[in-house]
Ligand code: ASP
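Starting off, we have a lone chain in the form predicted on its own, written out as structure tokens.
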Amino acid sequence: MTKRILIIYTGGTIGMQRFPQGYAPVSGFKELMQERFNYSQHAQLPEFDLTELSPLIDSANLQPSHWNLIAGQIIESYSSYDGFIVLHGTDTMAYSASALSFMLQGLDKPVIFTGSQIPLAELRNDALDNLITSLLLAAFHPVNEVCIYFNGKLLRGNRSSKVKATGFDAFDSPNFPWLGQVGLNIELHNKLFIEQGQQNFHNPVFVGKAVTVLPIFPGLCADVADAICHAPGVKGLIIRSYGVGNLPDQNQGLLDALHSASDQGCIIVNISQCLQAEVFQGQYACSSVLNEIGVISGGDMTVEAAFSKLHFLLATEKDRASIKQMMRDDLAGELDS
């Protein structure tokens, strides 16, 4: 039976063209694809439809509300297609792939994010291979979760981070193995994929300012920490700490700001600044105070996963204790349980 794939073009480098002020996304990507496919073995590709967000976005301008637009199209079209590809800018692709992994739990079809470092319109580019391989993966392989495919790597979406700004190998999953690699052959590690569960799709209303991030750095002053912790509308805070979850415990202003925010109902999650790390609060004395404040360990989650997961739970759950517990639980393969 012929496979049908829906491609959702959101913008990003893959569909950009050069203008005097720099690269910018433009409409008409389907026609550009067809033109490029004329030079490939397009008869071996699955059938596909393409829809474009309007307006298209540079992914640097991504807002949580864009997750609703992407997920909404997948949910609405879910029964009509065998798989889905999301063409997305690389800067925030890992945030969107993480968010959709929580919004689309229990998938039995592939949802693959991809893009490029050089636009498809350019003579030399990485876009065509990323696009063709994503189509083949979405149509003919059992990739039943939200993934990122980029430069020969198939990665779990909520384990991924952008690690290079200019290299074609822009993405990696520092704390989890690749789901597959593509070279002469397509090799998938089927034992790593999420076990099929009950379909549980959500497309909640996100409040853009609900979650914020506090990076820890030498000399962080109390006023800055307090302003971030108590910004209007903030209900969740991601701390980006040192090493295995450490922060300057002699910075009393910082501790007071965190304590006050927690007492006022803010849910605080601690993740590491290191790409390869897992948070162990209390392993060092300078992090044990966080347990007293009620800060949640984010384990080995990426910042993108922790940020989007907290956004998702704040939008779908009302009970603070439930949100705190679910942040510790593995919902979609985002952390080691």
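Throughout, we count residues from 1 along the sequence that is shown. In this text the structure is predicted, and so the values were computed from the model without any measurement.
Just so it is clear, the following notes concern the form predicted in complex with the ligand, a form of the same protein that is not shown.
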Inset, instruction - Assess the spot marked by Thr13, Ser59 and Ser116: is the ligand within 4.5 Å of a heavy atom from every one of these residues in the predicted bound form? - result: yes
Inset, instruction - With the ligand left out of view, choose which of Gln105, Thr90, Asn246, Ser161 has a non-hydrogen atom within 4.5 angstroms of it in the predicted bound form. - result: Thr90
Legend entry - Interface segment, criterion being heavy atoms within 4.5 Å of the ligand in the predicted bound form, picked from 179-187, 251-259, 196-204, 90-98: 90-98
Inset, instruction - Can you tell me which bits of 178-217 touch the ligand in the predicted bound form, meaning any heavy atom within 4.5 Å? - result: none
